[in-house]
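Listed next as structure tokens is one chain, alone, in the form predicted on its own.
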Amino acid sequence: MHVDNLPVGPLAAPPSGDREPTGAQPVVTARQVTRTYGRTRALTGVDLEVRAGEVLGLVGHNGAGKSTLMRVLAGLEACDEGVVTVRGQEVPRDVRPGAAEFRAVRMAYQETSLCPDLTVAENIWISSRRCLPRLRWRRAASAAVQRRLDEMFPGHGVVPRDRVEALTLARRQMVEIARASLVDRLDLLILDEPTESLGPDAARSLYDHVRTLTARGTAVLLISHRIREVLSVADRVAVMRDGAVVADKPAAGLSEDDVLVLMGAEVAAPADPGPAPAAVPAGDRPVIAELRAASGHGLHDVSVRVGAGEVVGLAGLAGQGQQEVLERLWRPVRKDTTVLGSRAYVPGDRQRSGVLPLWSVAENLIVTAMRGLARYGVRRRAEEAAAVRSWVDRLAIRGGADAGMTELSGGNQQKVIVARAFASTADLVLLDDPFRGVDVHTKTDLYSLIREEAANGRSVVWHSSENAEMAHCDRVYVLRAGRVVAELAGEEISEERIIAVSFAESTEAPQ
């Protein structure tokens, strides 16, 4: 639908009086839906109903089929078998992506769908041009996205003329979510891991907006590995396993353990750091990396020390200098930074800096280990294949070594990138929020992997947006506004302590 006389500031959600909530009427329904990619059966007969005016939480392990199902429900891919209905109308299986039947169904992707070389406003024009005036479209698109961002994420800091590639990962995610909601009619909004890149304040603002949408009758389908978050906002929870929905229950009365049991009994136990490693005073470890009163590029007089065989955490509120510390250690070109030995880096933005999309899982995984496995400069294919098999089996990477990287779910892509770093011979491994979008079972395995590698003498510097993960570290530096405001060790390291230090300093540190 094109509206030439649409006023500036279009695409705002219609007043609640114009669209009454429709109760339990289904918006989109899937019946015995299957989808296959080569040898991989991503969906094996899914039954799911999404109702107007509700938040449906969808959970499951990486590779359970969640993202594939969402693409089918959004009309981006056709199912091989089964039936998809939208507002009671059956959709032909040969329907093309972007068909009219799905125009009121919008999706915000975990890996953003934005064009990095274009501005924010230009991206909005591409996705919402049917609802924007042809004349002065740039002004209309800018006004629309500015208004929506202000509603969803107060204090977002995004300017419509900003190029997407210049935005932080969190701001790109905000634009991605706003983009998905900018349409003249919104029946279903699909949010795929929407808060993995967002700080707690932005996440709270998003869910406040979600409640506003559902009060107006819009359905919201939320995919997340953060089970507590899902239970706090969802009306109903559906659990996927091995390409099928195995449970569909009201969220009220469900606990996190209940959901984990439904996902698979082997993940029912919460992740536990396990027995603490034998305490080694930081001063007794040989120093493998160090920042000495480092300043510039977002840092102010930062001193960080990493000992051999030590796991060092970088914590605090998002965007306070943690990535800048990792960048200094990755490229130690300044005199205030010293790094001994080789390094491997797991980037926080896997699509821009981590995944080699045209390569297979095996090629992505082994590229950093080739030199260490070679003999006299000659590659040893058998040793490479054995290493790949070992990591694929160890991390249960769905699809196997021969799968293309773009065929994997986001969580499985992340497993490959983490495995690539640890498959190398690097003395220092740098992790920038490495478990974003990874399920709880895989997280537990990777926590154990980090501790094993540290016990073997490898050093790890680890930034995480989840403060609870810092309990797996030997020492933690808490950053605020580019400064180290606390250094915690041993029993001092806890989520509560990190939060307390972060906010206490936020009221005292100079702005």
Partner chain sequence: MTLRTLARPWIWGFVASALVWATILALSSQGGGQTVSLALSLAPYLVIVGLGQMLVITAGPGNIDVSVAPVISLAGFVAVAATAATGSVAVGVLAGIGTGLAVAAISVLAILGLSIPPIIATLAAGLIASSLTLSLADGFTAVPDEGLRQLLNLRPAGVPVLAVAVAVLTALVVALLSRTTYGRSLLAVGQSRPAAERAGIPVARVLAATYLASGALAGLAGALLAAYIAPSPDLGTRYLLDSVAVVVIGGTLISGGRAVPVGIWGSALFFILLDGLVNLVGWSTAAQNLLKGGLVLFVLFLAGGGTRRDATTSRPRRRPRPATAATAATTTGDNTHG
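Numbering follows the first chain given and starts at 1. Here the rigid core means the biggest group of C-alpha atoms that line up within 1.5 Å when the two forms are laid on top of each other. As the structure is a computational prediction, the values presented were derived from the model and not from experiment.
In what follows, reference is made to the form predicted in complex with its partner chain, a form of this protein that is not presented.
- Contact annotation for the candidate site: Leu213, His225 and Trp462 all lie away from its partner chain in the model of the complex (no heavy atom within 4.5 Å).
- Within 4.5 Å of any heavy atom of its partner chain in the model of the complex lies no heavy atom of Ala251.
- Taking non-hydrogen atoms only, Tyr207 never approaches its partner chain to within 4.5 angstroms in the model of the complex.
- When its partner chain is considered in the model of the complex, Asp80 lies well away from it, no heavy atom lying within 4.5 Å.
- Remark: Arg148 does not count among the residues lining its partner chain in the model of the complex, judged by a heavy atom distance of 4.5 Å or less.
- The partner is not drawn, yet in the model of the complex one stretch among 340-348, 255-263, 232-240, 301-309 has residues with heavy atoms inside 4.5 Å of its partner chain: 340-348.
- None of Arg379, Arg185, Arg394, Arg334 but one reaches within 4.5 angstroms of its partner chain in the model of the complex through a heavy atom, and that residue is Arg379.
- Of the residues given (Arg420, Arg398, Arg436, Arg172), Arg420 alone sits with a heavy atom within 4.5 Å of its partner chain in the model of the complex.
- Residues of 183-202 include none with a non-hydrogen atom no more than 4.5 angstroms from its partner chain in the model of the complex.
- Taking 2 Å as the criterion, Ala166 does not count as shifted between the shown form and the other one: its C-alpha moves by less than this amount when the rigid core is aligned.
- With the core held fixed, the Cα of Ser127 is displaced between the shown form and the other one by less than 2 Å.
- Core-superposed comparison between the shown form and the other one: the C-alpha position of Ser360 differs by no less than 2 Å.
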